[in-house]
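Here's a solo chain for you in structure tokens, the form predicted alone.
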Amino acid sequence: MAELLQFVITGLSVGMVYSLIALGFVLVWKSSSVANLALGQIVLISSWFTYSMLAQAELPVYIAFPLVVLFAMFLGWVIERFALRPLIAQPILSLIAVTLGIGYFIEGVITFIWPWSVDALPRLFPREVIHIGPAVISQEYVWVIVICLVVFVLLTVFFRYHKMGIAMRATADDQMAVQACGIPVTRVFSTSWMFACCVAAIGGILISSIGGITHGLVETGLKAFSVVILGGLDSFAGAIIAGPIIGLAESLGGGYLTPYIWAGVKDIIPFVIIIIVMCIKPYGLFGEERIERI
């Protein structure tokens, strides 16, 4: 029972980080129909930047974290303004290829600035463990769940009540109508990328606090893509719900199947889920089914 509880709590924690990163993908997709394949690299560079602020510059957390958020938002603005905006109205394949190139460019920058491949963030949460029934849980996992829930609530309030949030939702439904109302769509695109990089950075900090900073964080972005496929490319609720499902499947499958199959089975479970979902329900659990007349 203790082992099951540990698998469930760790799976929910990591899955909610996947949801957070997946929300960045959905934000960009809904507003501009661009598939951001550089999401994993954005998570990685945000984690390394956090390391620089905390470990190298030795800034306190209350100064370092706002700087990381500002860095992520600036990165999102630069990507949209100088790499993607010139390609507006170009074929979707061109946009996808550009995001892929941006990802490899970011990897090169990371290798140049931080040539060592593995490191750990300074401890962000208390060291004392938490006892939940018979299970003993590190506090990182509980704090990750709490922070993700707070971010989900804040994003929900923003999109429901803030003018820019409403404009972003409207742009996702009909760009022409939004332009007719006098709302600058390019500004909405920039804001979407800034928010996407911001939530990716928060997700990177949280996942790094659990497992350290490694090149595997790029794979974390790909796993978040499996969350998007399961929940639906254009569904915020789908991303929030699908993340814990993927996290639980990964944690339980890795915990119980590893002794009988092989050690790497945990890492392929999200991608197996992608294949199954694409075969059975291509639009995901909550994605909008679009019927196109040929």
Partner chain sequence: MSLPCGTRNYNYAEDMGIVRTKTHWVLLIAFLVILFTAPLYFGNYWLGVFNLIGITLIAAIGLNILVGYCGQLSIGHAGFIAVGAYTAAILTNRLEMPFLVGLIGAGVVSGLIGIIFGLPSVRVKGFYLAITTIAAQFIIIWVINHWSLTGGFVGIKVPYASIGGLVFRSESSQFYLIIIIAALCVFFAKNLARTKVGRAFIAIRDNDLAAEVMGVNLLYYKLLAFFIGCFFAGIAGALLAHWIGFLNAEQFSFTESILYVGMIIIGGLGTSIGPIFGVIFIRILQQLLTMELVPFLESTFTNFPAGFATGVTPMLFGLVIVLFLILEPRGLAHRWALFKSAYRLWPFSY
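Just so it is clear, the model here is predicted, and its values are computed rather than measured. Numbering follows the first chain given and starts at 1.
The discussion below concerns the form predicted in complex with the partner chain, not included here.
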Which of these stretches, 155 to 163, 177 to 185, 195 to 203, 85 to 93, has heavy atoms within 4.5 Å of the partner chain in the model of the complex?
-> 85 to 93
Contact with the partner chain in the model of the complex, heavy atom within 4.5 Å, among P134, G108, P126, G211 goes to G108
Among the candidates L70, A263, V61, A237, the residue which, in the model of the complex, approaches the partner chain to within 4.5 Å (heavy atoms) | A263
4.5 Å heavy atom contact, A167 to the partner chain in the model of the complex = no
How about L285: is it within 4.5 Å of the partner chain in the model of the complex, going by heavy atoms?
-> no
Does the partner chain come within 4.5 Å of any heavy atom of A97 in the model of the complex?
-> yes
Classify I102 as contacting or not contacting the partner chain in the model of the complex by the rule of any non-hydrogen atom within 4.5 angstroms, answering yes or no.
-> yes
Decide yes or no: are W29, L233 and I280 jointly within 4.5 Å of the partner chain in the model of the complex, with each residue judged by its heavy atoms?
-> yes
Out of 202 to 227, which residues reach within 4.5 Å of the partner chain in the model of the complex, heavy atoms considered?
-> E219, L222, F225
